[in-house]
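Before any questions on binding or motion, here is one chain by itself as structure tokens, the form predicted on its own.
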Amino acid sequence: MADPTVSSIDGKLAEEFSIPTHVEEVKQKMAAFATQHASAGRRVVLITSGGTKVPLESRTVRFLDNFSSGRRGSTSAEYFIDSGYAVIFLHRHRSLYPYTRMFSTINMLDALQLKGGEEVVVDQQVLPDIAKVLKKYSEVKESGLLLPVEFNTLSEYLHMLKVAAQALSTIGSKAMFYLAAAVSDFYIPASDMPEHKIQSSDGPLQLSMKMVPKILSPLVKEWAPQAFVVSFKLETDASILLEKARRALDTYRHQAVVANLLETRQTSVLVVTLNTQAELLLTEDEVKKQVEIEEKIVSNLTAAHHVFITQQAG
């Protein structure tokens, strides 16, 4: 018998979260991408990246957001491609993007120069390693290994993740979900939102928000039950981090949680499974050499995914 909690999610998504007009078109693209690469012997990872915007008005002026820049997801995408995966990159509009992320703080006009009045040349001192990065990106693009899909609001994210799961379910255990996006825990249902801008002249603002439905449950149990699913847990209190990761695994029965603390998330994480936990650390020497923790995370998870596929086949 189906879990009634799971089966109710579809109705809630349709009723309380606006459905993007292009969602079916995106689903078809993702399904075709997954089938093509799985047929070529590749594994496919769906990476979610960036934060989610929660509107306070239907004709949105104000919204709630979080600090996520998409660094984890965009960095990881590059390492997954280097590991032989094809990547569907489900990312927040204007969050960090693979291969351009290291130049995100640079004003691009400062890196460009006019030569002869019409020819534009790149100042490689302003954009170090740009030739190497551009070559790599061109190879990835030509090989069709990266499918970018944008979202902006929480509603768009939830619907896009649902159709992504359904699209990748066709390739079974070859699919991995790497859910690195920082998704809001709270929202205002579309039916409760004012249409127009909230007026400050009305006085102090009081909000009543609902809890966002736990999309991980139907993803694991219904939409892509054979996939390898990785969630992320970010905390500021070290004393509860491992407990929260284990509780998530017990509740949703997925394969792994990448648990990290806000202050040390770029140098240290725990990869927690039902039976194991592995602490991944950057040494001082690795930090000096600009090694990224995502390289170790991806290495750990690709190895675990390989074992998972072998076990599923057996």
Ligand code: 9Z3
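Keep in mind the model is a prediction, meaning the values are calculated, not measured. Residue numbers here begin at 1 and follow the sequence given.
Although not depicted, the form predicted in complex with the ligand is the subject of the following passage.
Judged by heavy atoms within 4.5 Å of the ligand in the model of the complex, the contact stretch among the candidates 97 to 105, 165 to 173, 178 to 186, 135 to 143 is 178 to 186. Contact with the ligand in the model of the complex, defined as a heavy atom within 4.5 Å, holds for exactly one of R246, R265, K27, R43, namely R265. Interface residue among F232, F228, F151, F80, judged by heavy atoms within 4.5 Å of the ligand in the model of the complex: F232.
Using a 4.5 angstroms limit between non-hydrogen atoms, R71 touches the ligand in the model of the complex. Within 4.5 angstroms of the ligand in the model of the complex, the stretch 94 to 131 places no non-hydrogen atom at all.
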